[in-house]
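One chain follows as structure tokens, the form predicted on its own.
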Amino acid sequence: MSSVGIEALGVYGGAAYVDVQELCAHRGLDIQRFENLMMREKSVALPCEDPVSFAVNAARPLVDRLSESERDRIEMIVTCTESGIDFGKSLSTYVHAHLGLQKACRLFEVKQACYSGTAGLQMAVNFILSGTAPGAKALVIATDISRFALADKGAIEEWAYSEPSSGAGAVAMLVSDAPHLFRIDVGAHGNHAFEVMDTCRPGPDTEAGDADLSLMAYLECCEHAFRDYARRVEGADFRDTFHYLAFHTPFGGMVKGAHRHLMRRLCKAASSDIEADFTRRMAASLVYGQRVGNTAGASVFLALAGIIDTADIGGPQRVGLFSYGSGCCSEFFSGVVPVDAPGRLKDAGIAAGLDRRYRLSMGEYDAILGSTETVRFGTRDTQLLPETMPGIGNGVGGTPRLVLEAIAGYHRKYRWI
């Protein structure tokens, strides 16, 4: 068996968002620097939303579309996050329970900054390729939220230009030997890794780092990961091999800079050619990232979803993907989007789900950051009132939404609304 990849995909971008330009004006940030972000909106996690609820809400629609026999073939759940809620207990146990999946299932979690989603996908791909459970499926969910500013005014000021681009979201991927959306090029990958302190989460509710160092590490990794890919894949050419490109997207300007760097270093391209190539091969990958912000491990797959949903897929299209996780590890890999993939992904209703989010005013947004209801890492014995939170009743296309309702001891309790 050599056919493996993403059979189905679901996206959850939360219940609420803020307009990024309005936020920048509210914070008094330089509008010229804002324009480099290439951002429109960012999803905001409400106090009753956490990485578990995001993960389940992304996965439920695609699981619901499966027959009972197909659901019973999900034999692995991998949650991929840097927003963990416990040092030992995995999010995957909550996800498994609230999706009502069969109990003969392998559950675990992966953490490697924003590379985690790709690590989970590759692990699932190799499980399917191993043939040890013929016909089995794996559910891989990358889920992350940004809450590291909370009510700390000093942290918000230090956060500065990271705040407008730091979002919240989850992408769920059903991985199987029926890759209707994205067929992995088996064995076609390149890696680059080294130790660097560019960004980190030294505490469960804090984030720190060096933005310039992170940019340099990202650029070094995208070049050398592709060179390793080209070493393994005979005839690979950055300009000609891929119809489209999807990169890890902290913000659009960083992706555009990485594309420019690669076109200059690998292709010796002129500026006009670089701009045209970016518009043709990468603009579609930013469509959803511009609306939810940086979703960490999910961002490269949100970029892939943007290509499948909005690009011209007139025939099988090869996509090159670049995944980067601070610290750092990176990978360049590829696969093919089949011609019927857009029709299949249409059922996910990604754009419609984002359209239904509630637009927070700046007053509401600041109140959420300073809310005493916000659940920090290690919280115990608390009760939440989801119905009182702005936008939580907006609905998600007729599908119930899972919310965090309470914590009893340290056990999180959820409810469908």
Partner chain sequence: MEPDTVFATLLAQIRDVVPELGAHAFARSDSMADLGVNSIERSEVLLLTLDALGLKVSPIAFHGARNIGELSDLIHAKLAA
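Treat the numbers as computed from the prediction; the structure is a model and nothing was measured. Residue numbers count along the first chain shown, from 1.
Although not depicted, the form predicted in complex with its partner chain is the subject of the following passage.
- This chain lacks the partner; the member of Arg318, His189, His261, Arg71 within 4.5 angstroms of its partner chain in the model of the complex by a non-hydrogen atom is His261.
- None of Ala311, Ile85, Met254, Ala124 but one reaches within 4.5 angstroms of its partner chain in the model of the complex through a heavy atom, and that residue is Met254.
- Shown alone here, Phe194 lies within 4.5 Å of its partner chain in the model of the complex, counting heavy atoms only.
- At least one heavy atom of Ala217 is located within 4.5 Å of its partner chain in the model of the complex.
- Although the partner is absent from this view, Ala208 stays clear of its partner chain in the model of the complex, with no non-hydrogen atom inside 4.5 angstroms.
- Proximity of Ala97 to its partner chain in the model of the complex falls outside the 4.5 Å heavy atom cutoff.
- Residues with any non-hydrogen atom within 4.5 angstroms of its partner chain in the model of the complex fall in just one of 332-340, 173-181, 125-133, 245-253: 245-253.
- Using a 4.5 angstroms heavy atom cutoff to its partner chain in the model of the complex, none of Ile31, Asn294 and Arg359 count as contacting.
- Along 199-213, a non-hydrogen atom within 4.5 Å of its partner chain in the model of the complex is carried by Asp210, Asp212, Leu213, in order along the sequence.
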